[in-house]
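The chain below stands alone, shown as structure tokens; this is the form predicted on its own.
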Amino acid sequence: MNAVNGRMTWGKDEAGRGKLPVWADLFNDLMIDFWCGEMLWNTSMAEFSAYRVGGTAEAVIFPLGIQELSLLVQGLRKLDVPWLVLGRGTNILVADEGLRGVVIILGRDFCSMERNAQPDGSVLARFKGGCSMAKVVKWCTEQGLSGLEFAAGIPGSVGGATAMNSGAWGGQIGDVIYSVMIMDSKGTLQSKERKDIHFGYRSWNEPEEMIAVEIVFRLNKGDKAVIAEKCRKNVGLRKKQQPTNVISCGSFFKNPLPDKPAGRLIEESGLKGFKIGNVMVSDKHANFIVKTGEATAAEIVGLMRHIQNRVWRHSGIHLDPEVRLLGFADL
């Protein structure tokens, strides 16, 4: 890593992580005039995944703000380098073969929070997409803002939770969205109101390359103690019903029907506690695939397929993964 006019460039792999991709020099030339963020070459994605597995990405980049993110996306588009955006890595599984192109992570400069009172008594709470859901819920509780209690205990970033329309206990992110600032694959920003975003089950139904860079929730003023108690109750229910102190990515499969949750279908198929190597169907909640020791992404996918096949044979229902599968050529 070298300093040029106060900016950081990468002309070689000084971390000793292997040969740089063929587009590295072109990237350096294109980015040198504006790039201030951090960048890692040939980095193991296990460092950025809750599962702690996965091969290397050609580059992992941490832009410092929305303008830099936009210029980065534009530059990668010019170079025809593939890219994707990650939140906190709590809902991904990266192939052992790794990923081509760039993984973009919205870091500390995408973590601001603010509130604006409205004439109708509600409050618009604005968050950058890189904020963790834990910090968002904590901040709202401290501010006496009600509406996100259902999200207590949901992992990941608020941008990722928006794109997934994460939910629990009958609530979901789309229910409290006021607007979302979205960046497209050309680096262009567009603000969309709730009525223009077609939230579905675990999806906001936007193209995959769209990035939620800023999220605004419409919340209500409430009693801090009451809000905090609701959050504590929801976190307690999670700990009671779901495995804790284990390595997992949360619920692995989408619930195919409201009255047929994935966990029940898996349990009825006789797979609760089933184990292949060091990956196992949780004996506490069957919709969690947990690691019990060193394992590979291929082993986790192997257990995923075994579950899908068994449930299909038992109930005629196909389970779709809720976890994002990245870099798997045959999936």
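All values derive from a computational prediction rather than experimental measurement. All residue numbers refer to positions in the sequence shown, first residue = 1.
Missing here is the form predicted in complex with a small molecule; even so, the following discussion is about that form.
A161 is the sole member of A161, V94, V102, V73 with a non-hydrogen atom within 4.5 Å of the small molecule in the model of the complex. Of the candidates P261, G167, G187, G147, G167 is the one whose heavy atoms come within 4.5 Å of the small molecule in the model of the complex; the others do not. Interface residue remark: W204 is counted as part of the site for the small molecule in the model of the complex, having a heavy atom within 4.5 Å.
Within 4.5 Å of any heavy atom of the small molecule in the model of the complex lies no heavy atom of L79. Contact annotation: G98 falls outside 4.5 Å of the small molecule in the model of the complex, judged by heavy atom distances.
Not displayed here, the small molecule is approached by R238 to within 4.5 Å at the level of heavy atoms in the model of the complex. Here the chain stands alone, but in the model of the complex its contact with the small molecule, taken as any heavy atom within 4.5 Å, falls in 84 to 92 among 222 to 230, 116 to 124, 139 to 147, 84 to 92.
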